[in-house]
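One chain is shown next in structure tokens, namely the form predicted alone.
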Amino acid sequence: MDLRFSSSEDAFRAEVRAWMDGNVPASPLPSGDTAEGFAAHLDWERQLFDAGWAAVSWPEEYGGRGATLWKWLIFEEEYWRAGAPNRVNQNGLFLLAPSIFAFGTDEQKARFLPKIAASEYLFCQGWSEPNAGSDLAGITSRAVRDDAAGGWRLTGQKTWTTRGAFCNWLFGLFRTDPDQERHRGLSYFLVPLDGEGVTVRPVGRLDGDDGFAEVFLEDVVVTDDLVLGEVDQGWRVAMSTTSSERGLSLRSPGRFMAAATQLTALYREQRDAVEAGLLDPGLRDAVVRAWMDADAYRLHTFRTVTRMTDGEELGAEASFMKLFWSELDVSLHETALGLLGPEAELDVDGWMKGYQFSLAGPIYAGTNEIQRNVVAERVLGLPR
């Protein structure tokens, strides 16, 4: 693995940095999990698209720049270095789109990818159900064939749909063969949320944000062209999506390197208090460990991209990556709160807000308990 970037890649980095430095909002946007904040973030997403930065690694015909994965990593590093806003369209961009590239028909690619890049189609994820959280294969939402309607009738309930209150599409699994059990007999659907029979109910949170939602479907008709992949083979498509969610796409190392850089700056501000014993002296080592872990994740990702450009697939190793970045995120923020001391509770929109969100990391994208089982069985080859 060559850790040196080429002159072309260095030039690309300079181009990204110059644009970000000239366009990133001077003040943080409101939370993307509120109606006001989501609208402001969408304006930013569309500004990115207009400048050609929404999906740099996609082919130009779908709204991208045709950049390599290496340039995508560079873009991510510069994006987070500049303190740019969170990507509220991340479910469509980073989770669904790779599955459309892998399993979609030419017609589906042409229909969906450009509109996802332009933030016209905003997708939430229809995985979890009231009685099927981490156990994705235990879903009970069903799809019944309706030839007269030219498609399927969907019935069921999806919950914990992030930003579902503001999205106009949902992707998710539904059982199309009731005689099959577990991961067999499932199909992957793209569902417009403005269809007849769809009810979206926001779920309030303790922090006041209202982006979470429950989605109820009662005989919702969807046509055949909204099935991604083959009927009854949705589990395979879903595993492609979860691999993107847990592995490379959703949490790039640039995000954590930027957080580690901010953490070291915070330590410099608080160094006198640490050295005087007013704060835990162990915080110095915790900052060093956070930086090392962020850099280790970056180097591991470089290794992963090297393998992928050689034609390998990420597979179950994505679970290992998810374990690492989710626990790194928690430790970064815990260390920051320690450095802030009693004032941490006043940092409502900064490190404290980030800490609250980091606690969800070991839960979403499949709980870390489940991911440890996946790593043990499928990566390490240990017995069930």
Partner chain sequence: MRFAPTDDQIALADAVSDLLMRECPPDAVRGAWETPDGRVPGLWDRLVEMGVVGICAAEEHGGLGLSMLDLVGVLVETGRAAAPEPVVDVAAVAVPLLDDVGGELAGTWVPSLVSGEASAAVGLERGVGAGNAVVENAAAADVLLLGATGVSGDAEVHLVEAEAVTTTDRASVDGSRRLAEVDWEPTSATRIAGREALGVARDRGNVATAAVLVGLGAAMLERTVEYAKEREQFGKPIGSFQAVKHHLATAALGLEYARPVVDRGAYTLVYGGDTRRDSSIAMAYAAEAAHLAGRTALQVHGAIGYTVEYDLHLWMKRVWALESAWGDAAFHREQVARRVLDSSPGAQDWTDKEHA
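Residue numbers count along the first chain shown, from 1. Every value quoted in this text rests on a predicted model; they were computed, and no experiment measured them.
There is another form of the same protein, the form predicted together with the partner chain; it is not shown, and what comes next is about it.
Proximity of R81, M257 and L299 to the partner chain in the predicted complex is complete: all three residues have a non-hydrogen atom within 4.5 angstroms.
Taking non-hydrogen atoms only, D295 approaches the partner chain to within 4.5 angstroms in the predicted complex. Contact check for F320: a heavy atom falls within 4.5 Å of the partner chain in the predicted complex. Mapping the unseen interface onto this chain, E77 counts among the residues with a heavy atom inside 4.5 Å of the partner chain in the predicted complex.
Residue contact check for A360: none of its heavy atoms lie within 4.5 Å of the partner chain in the predicted complex. The partner is absent here, but in the predicted complex a heavy atom of T261, alone among Q233, Q90, Q108, T261, sits within 4.5 Å of the partner chain.
This chain lacks the partner; the member of V288, A276, A149, A137 within 4.5 angstroms of the partner chain in the predicted complex by a non-hydrogen atom is V288. The chain is drawn here without the partner chain; in the predicted complex, the stretch among 185 to 193, 160 to 168, 114 to 122, 303 to 311 whose residues come within 4.5 Å of it by any heavy atom is 303 to 311.
In the predicted complex, E369, R372, N373, V375, A376, E377 are the residues of 361 to 377 with at least one heavy atom within 4.5 Å of the partner chain, listed from first to last.
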